Ligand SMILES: Nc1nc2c(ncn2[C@@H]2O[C@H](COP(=O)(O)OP(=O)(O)OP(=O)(O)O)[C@@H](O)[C@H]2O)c(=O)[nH]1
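First, one chain by itself: the form predicted on its own, in structure tokens.
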Amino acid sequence: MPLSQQHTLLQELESIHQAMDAPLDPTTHDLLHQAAQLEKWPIAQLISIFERNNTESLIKRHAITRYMDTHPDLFGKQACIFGVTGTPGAGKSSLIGELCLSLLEQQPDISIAVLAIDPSSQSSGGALLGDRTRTQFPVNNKQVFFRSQASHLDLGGMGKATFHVMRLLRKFFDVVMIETVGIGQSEIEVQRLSDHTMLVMQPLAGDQVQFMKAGIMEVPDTFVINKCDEDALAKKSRHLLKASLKLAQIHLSGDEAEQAIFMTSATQRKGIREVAEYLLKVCSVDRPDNFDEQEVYFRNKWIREAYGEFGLGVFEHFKDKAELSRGTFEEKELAYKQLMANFLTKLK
């Protein structure tokens, strides 16, 4: 980039920095307070702000985050986040729909958000966003919110905007479920955003060797064999899975084991209540706030995608600078962009 363009970029970044000092605008302020009451349209509008990748949205994300952080009485929740992954056709969407209904039956005052990630087309770039058709929630029930999101061809089972949306939803709901695209054996990034990860499988999805080479068996905290309408096949699959976990030295022992295997049928509502009870038990345990670790992971991912390994090396060299670790994610992102622009200018 020519030196004149570098100076122009620095000026633009400085103007963005100044714009971020402005208070939250009245319209967004009203949206936030309505969203705190679980009004669906305001929540959807706020999510759209967090999904967009432009300067205006960056400034608004910063203002919204700063406002929520300074009003913990209204936005003090720390949702229990469940990641749900698995191959296509395993019944993830149907299972999530039934689990949400069962959670509401057992704990009527619970609030639940579902974020379903759909694969984007390699040709058109569009996404069907059709998982909503498989979930039937009570009409006008504010306690259940569903949102589809395109993956934008991002590997890892989630889109680039998923992290930003989770920053928002975790402040409004008691439980948030993330459903990955389910395109193969690499959807392990959901573990970075989840307190608890579930792998949904079909009966006879493979033998011990197939299970072990999948590369995803070390990720889940819970295994769910769904579509267990036929008991014999379901029990055989459960036996194969337990044997695979033992061979992979992922041991299951007793009721308090970190990993658990459930057999369910979304169509017959078989085993759904047991899984819901287990999830509520997970939520009842005090959980560490791992947002800082999530932020570091997705910050590094963004730097690597935007600037490559060179950019990540520059950050590591200057990571002790206070502005790179202070404030909202947007402030840190802007500080890094300014650092990178200054660094490249000095190289000229």
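In this text, the rigid core denotes the largest set of C-alpha atoms whose superposition between the two forms falls within 1.5 Å. Residues carry their position along the shown sequence, with the first being 1. If you're wondering where the values come from, they're calculated on a predicted model, not measured in any experiment.
The following text describes the form predicted together with the ligand, which does not appear among the structures shown.
Checking 163 to 171, 106 to 114, 237 to 245, 223 to 231 against the ligand in the predicted complex, the stretch whose residues place heavy atoms within 4.5 Å of it is 223 to 231. This chain lacks the partner; the member of 197, 149, 143, 265 within 4.5 angstroms of the ligand in the predicted complex by a non-hydrogen atom is 265. 181 is the sole member of 190, 177, 181, 99 with a non-hydrogen atom within 4.5 Å of the ligand in the predicted complex.
Within this chain, residue 271 is remote from the site of the ligand in the predicted complex, having no heavy atom within 4.5 Å.
When the ligand is considered in the predicted complex, residue 72 lies well away from it, no heavy atom lying within 4.5 Å.
Proximity of residue 88 to the ligand in the predicted complex falls within the 4.5 Å heavy atom cutoff. In the predicted complex, the ligand lies within 4.5 angstroms of at least one heavy atom of each of the following residues of 91 to 110: 91, 92, 93, 94, in sequence order. Relative to the superposed rigid core, the position of the CA of residue 74 differs between the shown form and the other one by less than 2 Å.
Residue 110 is not among the residues whose C-alpha shifts by 2 Å or more between the shown form and the other one once the rigid core is aligned; its shift stays under 2 Å. When the rigid core is held fixed, the Cα atom of residue 277 travels less than 2 angstroms between the shown form and the other one.
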